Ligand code: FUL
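The chain below stands alone and is given as structure tokens, in the form predicted on its own.
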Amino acid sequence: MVMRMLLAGSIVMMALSTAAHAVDPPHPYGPLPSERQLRWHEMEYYGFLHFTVNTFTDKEWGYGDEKPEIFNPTAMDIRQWARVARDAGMKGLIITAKHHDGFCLWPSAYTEHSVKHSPWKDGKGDVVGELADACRKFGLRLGVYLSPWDRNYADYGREEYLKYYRDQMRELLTQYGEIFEVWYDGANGGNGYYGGAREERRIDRQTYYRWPEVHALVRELQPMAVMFSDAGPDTRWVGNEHGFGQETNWATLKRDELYPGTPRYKELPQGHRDGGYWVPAEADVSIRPGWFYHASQDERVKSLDQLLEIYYRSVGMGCNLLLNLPPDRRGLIHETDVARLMELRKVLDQTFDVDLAKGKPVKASNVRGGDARFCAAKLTDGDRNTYWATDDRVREAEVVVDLGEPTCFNRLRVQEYIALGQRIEAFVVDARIDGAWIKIATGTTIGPRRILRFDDVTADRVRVRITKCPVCPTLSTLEVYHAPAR
């Protein structure tokens, strides 16, 4: 009798277990992010370091004829760069290892135009190497910018330069540990020194560099590094240098039709809904008017309000933010820049430290197969890797978070479970105020994240309605915050 009861109980438990997992996860939709891209999405905010001979000539673009002796910072402290970035809340730093002038911040074996002929550390210094060490010390990731255009090298524009460029890429990707991002821009070809020729050289931006071969080299040497350019292949330019993303922001792109320096840059802020590749946007902007340090701009560092606007229009619109912090002639991040960065960090901490929805009960109009793995509680569990999903046939749905009591808030962060693709095309946010539902915000795409801003609202419930989606929607988080008045 006891045995029959145990057997019956086992059968019931097996049936319940089978029923609990009777539904499969949603099918992936469209292009999907790679593991390296998912890791990059999580970084959200990191720094750019424009530093070279231009810092000492007071130029933005060097011509290529600058003498290495001019590079002579008086109080270089590369650890200060990393410490400032960490304290600012950044997750990494990208260094201009070689800008258009061709001067190398590491002692490259392939040119004499580098720090090895600088008075700094008697020619024995290595900016990239010291930065790699500093990033490890302060818990940051390291990225490198290696300008495709070189206004110093005699053979630029010819076949010989391609080998030189790849040799230098190999140095950077094998000598300094893990690299999280390799950065190329679209400024390619024009007037230059070119070993004394002093002439204009034009190249076919689309074909000259044989980009697929460069990409293959990076994949071989740094498989987890994302590559940035106007066309990716991993992350794309946002299409402007203001740091502003766009309300509608698809992480997908018709990558094969574009290239660094493409004239179709106006398509980049929005991306392509029907793009065949996952190539999300990175918003690059300088904290100063210029990309390199100029003493004349010490009073023109962006204000806290400007930086906050950049943050919400980049990170808040699904982009990653790459904020430039140009070291000065001492070799330090200037005090004004540091102060402004810390002001930004303070406000962001005050705003996002307490998620008012975390752990609060949530109800959904539909849960995929009634399966707890996809229930609405995943939105407020504090884990951005879990998610709510609906049945395949349900393409419009809503979730309601019960805040428990009237609560004042003015920010809402929501994101899709992008490992299964970007799906949502339109949504609405409502708040229940004194028992009545009031619309407080609307949006189009969500993707990696959307942070919505609105005036203070005091409500006991928050509702997100998915109003347009070609397949069943997914959401991985719904967070509610209150940004304090300033």
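What you see is a predicted model; the values in this text were computed from it and never measured. Start at 1 and count along the sequence shown; that's the residue number.
Heads up, the form predicted together with the named molecule isn't pictured, but that's what we're talking about next.
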Contact at Tyr46, Ala88 and Tyr312 by the named molecule in the predicted complex, all three, heavy atom at most 4.5 Å
no
Looking in the predicted complex, any heavy atom of Phe138 within 4.5 Å of the named molecule?
no
Interface membership of Glu241, the named molecule in the predicted complex, 4.5 Å heavy atom rule:
yes
Answer yes if any heavy atom of Trp211 is within 4.5 Å of a heavy atom of the named molecule in the predicted complex; otherwise answer no.
no
How about Leu217: is it within 4.5 Å of the named molecule in the predicted complex, going by heavy atoms?
no
Would you mind picking out the stretch of 244-252, 408-416, 94-102, 361-369 that comes within 4.5 angstroms of the named molecule in the predicted complex, counting non-hydrogen atoms?
94-102
With the named molecule left out of view, which of Gly125, Gly157, Gly186, Gly275 would have a heavy atom within 4.5 Å of it in the predicted complex?
Gly186
Checked His50, Arg461, His41, Arg449 for heavy atoms within 4.5 Å of the named molecule in the predicted complex; positive is His50
Mind listing which residues of 131-146 have a heavy atom within 4.5 Å of the named molecule in the predicted complex?
Tyr145
